[in-house]
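Consider the single chain below, provided in structure tokens and representing the form predicted on its own.
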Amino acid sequence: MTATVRVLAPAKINLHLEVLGIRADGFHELAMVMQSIDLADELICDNTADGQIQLSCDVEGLSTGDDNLISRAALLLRSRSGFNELGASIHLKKRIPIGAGLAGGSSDGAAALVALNTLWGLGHSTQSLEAMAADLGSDMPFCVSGGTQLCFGRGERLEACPSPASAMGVVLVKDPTVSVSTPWAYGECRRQLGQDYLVGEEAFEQRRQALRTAPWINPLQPDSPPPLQNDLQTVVAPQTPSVRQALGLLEQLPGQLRVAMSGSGPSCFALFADRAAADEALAAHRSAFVAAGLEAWSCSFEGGGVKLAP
């Protein structure tokens, strides 16, 4: 065991989010490409060995009870260890906006698994941690290892993608007063687009294979940027003015390659050839985002998921 472990929990964006249809278990079958970015929360975990899991956060109003994915992940990991006396004091430094379609909560939960696995000296493999993460949330397995990955099923079935040719830049924006319910977004997708859903595993697999072999992903590169399909954007944007406004402002940025909403929103982003181009575009147009009431960040692609902080 060690005394203190610090880990970084990166956000993700969706470079592709395709709703294929309804699974036998009632969940939506998805075909996605997720990409980690270097906007990250930080978890600081101290060993207490008192059987208590204590969570604090530097953001007021964020629950630190047993409903938080960090607490749930800690309790699950301890229960699988068989050592009920294990304890930890965990502090979350929140940087990823809440309720933004960026998997901030999922990444924090994944970070707790990675951090406490190290803190408590449990020795679980990455694959074992991903399996535990799948019991807690659909995005969490991706958040453990991150980078660029194909995500199928509910999002928990991972397949590695070729490493991007270079780390592309990202300008990310969100209205801090707006959140979008993920269940609502999927419900609207089913209501509006359900007549076009695919049916059956054979049809699902054909779409998965088409995504696996898409030229733009083999590998990702600025000269052939991803088309950024997001089926949820189709139903969320018409009913969410801040999403439409964000997309419009991002489209005006010089040098942007593609623009889309991430996940179920309301965060939206623009891709750039590199971080310098993203920094320059945001610096020149930050006042427009501020005037619209939007928070904005300049980021870049991150090659992995949760990692130990330097």
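Nothing here was measured: the structure is a model prediction, and the numbers come from that model. All residue numbers refer to positions in the sequence shown, first residue = 1.
Separately, the form predicted in complex with cytidine-5'-monophosphate (C5P) exists; it is not shown, and the next lines address it.
- Looking at 235-243, 118-126, 182-190, 207-215, the stretch with residues near cytidine-5'-monophosphate (C5P) in the model of the complex, meaning non-hydrogen atoms within 4.5 angstroms, turns out to be 182-190.
- Although the partner is absent here, Q149 is not a contact residue: none of its heavy atoms lies within 4.5 angstroms of cytidine-5'-monophosphate (C5P) in the model of the complex.
- Under a 4.5 angstroms non-hydrogen atom cutoff, cytidine-5'-monophosphate (C5P) in the model of the complex has L30 among its neighbouring residues.
- Among residues of the shown chain, R154 is one whose heavy atoms approach cytidine-5'-monophosphate (C5P) to within 4.5 Å in the model of the complex.
- Although the partner is absent here, G137 lies within 4.5 Å of cytidine-5'-monophosphate (C5P) in the model of the complex, judged by heavy atoms.
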